[in-house]
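Okay, so here's just one chain, in structure tokens, the form predicted on its own.
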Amino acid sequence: MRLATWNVNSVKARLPRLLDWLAETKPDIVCLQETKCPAEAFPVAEVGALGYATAAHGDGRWNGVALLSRAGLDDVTLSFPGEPGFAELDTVGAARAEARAIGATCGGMRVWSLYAPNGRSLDSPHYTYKLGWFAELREALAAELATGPLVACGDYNVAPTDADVWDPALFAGSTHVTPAERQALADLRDLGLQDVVPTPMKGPHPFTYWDYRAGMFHQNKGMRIDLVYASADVAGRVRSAYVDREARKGKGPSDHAPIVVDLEP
């Protein structure tokens, strides 16, 4: 079985690239993030022509997640239990959840596509929201781990270690690398989830994100913020995993590259 995760940074803008990539790479299960379209506008017919069933969660031009599967798509869950909202996003001040998580059972495995909040800056309410979001995610995944094999893929917007950013000194005092954010990831791993670290394909670091500006991709000045966290029974089936840097090349790419994981039956 082949599993993939990709922050596509707008599924409509990237649709031709996505369809070509699906046809060439042939993943069985795909977790997409930052789809940036309402669920009803997701290109279901286009990916369906390639044999994929679709579950999408999106409410506008920001955020958005989806699951594509040729291995079954059952028990779809939009958002996770307890997922917090962000009050400033609602004109009446009531917190409401964003479209950041979707789960389903695919091929006997529980799969989550996750797009964690960015956090913006350490003095921003978005940072507090991010930490709260991770705390509730941990509770939700703890409950699901008790039911069977699980993989939680996506853009976590946290670099797990200093080795996962191209220059740690430049990130000092910024989000994505703070002790609290890294502890949130450690808390997920403490549940029994394992970090499936992909082969980088270029250089020593398996970066998955490169800013569009200043030739960052070509200089390999990136970050590893897209992660595959798997329960032990899934991690034990991993035959190979790699960052598909080719998908980050060419005209009009996403600023993220997919991670592709091959699992033993």
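Owing to the predicted nature of the structure, the values given are computational and were not obtained by experimental measurement. A residue's number is simply how far along the shown sequence it sits, counting from 1.
Unshown form predicted together with the DNA; subsequent notes refer to it.
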{"query": "Contact residue in the predicted complex, chosen from R138, R96, R182, R120 - any heavy atom within 4.5 Å of the DNA", "finding": "R120"}
{"query": "Every residue of W6, H205 and R245 near the DNA in the predicted complex, heavy atom within 4.5 Å", "finding": "no"}
{"query": "Contact segment among 24-32, 232-240, 54-62, 193-201, judged by heavy atoms lying within 4.5 Å of the DNA in the predicted complex", "finding": "54-62"}
{"query": "4.5 angstroms heavy atom contact with the DNA in the predicted complex for R70", "finding": "no"}
{"query": "4.5 Å heavy atom contact, A13 to the DNA in the predicted complex", "finding": "yes"}
{"query": "The DNA contact at R213 in the predicted complex, heavy atom, 4.5 Å", "finding": "yes"}
{"query": "4.5 Å heavy atom contact, Y115 and the DNA in the predicted complex", "finding": "yes"}
